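So this first bit is one chain, no partners, the form predicted on its own, shown in structure tokens.
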Amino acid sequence: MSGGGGGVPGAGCSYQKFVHFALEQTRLRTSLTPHPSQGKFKSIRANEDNTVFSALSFTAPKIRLLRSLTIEQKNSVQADLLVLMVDMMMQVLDFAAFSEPEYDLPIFCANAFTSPARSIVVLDLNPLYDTTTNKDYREKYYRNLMPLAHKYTELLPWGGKITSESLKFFSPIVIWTILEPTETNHGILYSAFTDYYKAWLELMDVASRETGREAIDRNREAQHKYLTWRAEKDPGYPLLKKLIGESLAKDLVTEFLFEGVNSLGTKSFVDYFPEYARDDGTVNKKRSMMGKSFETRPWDAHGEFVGYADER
């Protein structure tokens, strides 16, 4: 494949490269221990022979959970009784790092879905607390990262309409983009991933441990709220259900991808988000229900939310 050619990136552009970088960088700064969830999901197998899952999870002194899931689906051609693997049909990266509740660190989040037609990407340091209303939190974690965001939001432009219900879990430095899956774009995305992850590690290095029970409980609930939202709204669940079956897909979401949703707190989805409750108490499954949609980046160069400026 040529350097700027189209098509899904081949083996040389695997998202495994992203995971390897993150683990190497983390080990330079702290000690990683396999998380209990790795034992169950490391050897997960898809229903289709041409699809490969790779699941890894760890803990560290300041990290409650560092986990990655990659999925690679390859096209195969039968020739002279040999099966030859050719271009990737699909690649998925779902990488996240969650701090221990004693720290109010943002959640590192990298999600990418690449098909022959496009790559859909979200890369962010998801805030524990809404940066629009919690300005001190925004100043603490994002003010110094705005130049980094400016660099990559020019190269990885806003991906189009997104609703306010999802936006509340994003930070002013979020990269939300839809790209042609070329090697050039893959290289830009890799560069953004490495820079964002190194920024998160630097924040982790200097993070101060909370000692007050109230602050720790507040951090725990904020993380649990995020996990509850993500577990309920995970856009990749239909794909997982297709590839590994409904039962294992549910386990993967609650016990691996968003591990802690069943242990960090007891509140339900509708406890946190009562606007989604039906009359019978069940959750309205409609993905986007309320609020304005934003077709362009709703933060200014300083990280101030300006999404509603046109309504004033």
Ligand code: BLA
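Being a predicted model, the structure only gives us computed values, none of them experimental. Position 1 is the first residue in the sequence shown; the rest follow in order.
There is also a form predicted in complex with the ligand; it is not shown, and the following applies to it.
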- Is the binding site on this chain open or blocked for the ligand after its pose in the predicted bound form is superimposed by the nearby C-alphas, counting blocked as 3 or more ligand atoms within 2.4 Å of backbone or C-beta? open
- Note on the structure: Students should find that, of Phe170, Tyr196, Tyr142, Tyr152, the residue having a non-hydrogen atom no more than 4.5 angstroms from the ligand in the predicted bound form is Phe170
- The single option of Ile71, Ala192, Leu227, Leu156 touching the ligand in the predicted bound form, heavy atom within 4.5 Å: Ile71
- Do all of Val122, Thr163 and Leu239 end up near the ligand in the predicted bound form, with near meaning a heavy atom within 4.5 Å? yes
- Message: Contact with the ligand in the predicted bound form for Thr132, defined as at least one heavy atom pair within 4.5 Å: yes or no?
- Response: no
- Would you please decide whether Gly187 lies within 4.5 angstroms of the ligand in the predicted bound form, comparing each non-hydrogen atom pair? no
- Would Glu100 count as touching the ligand in the predicted bound form under a 4.5 Å heavy atom rule? no
- Message: in the predicted bound form, is there a heavy atom of the ligand that lies within 4.5 Å of any heavy atom of Glu232, even though the partner is absent here?
- Response: no
- Message: Counting any heavy atom within 4.5 Å as contact, can you tell me which stretch out of 179 to 187, 92 to 100, 200 to 208, 214 to 222 lines the ligand in the predicted bound form?
- Response: 92 to 100
- Query: From first to last in sequence, which residues of 131 to 154 have any non-hydrogen atom within 4.5 angstroms of the ligand in the predicted bound form?
  - Reply: none
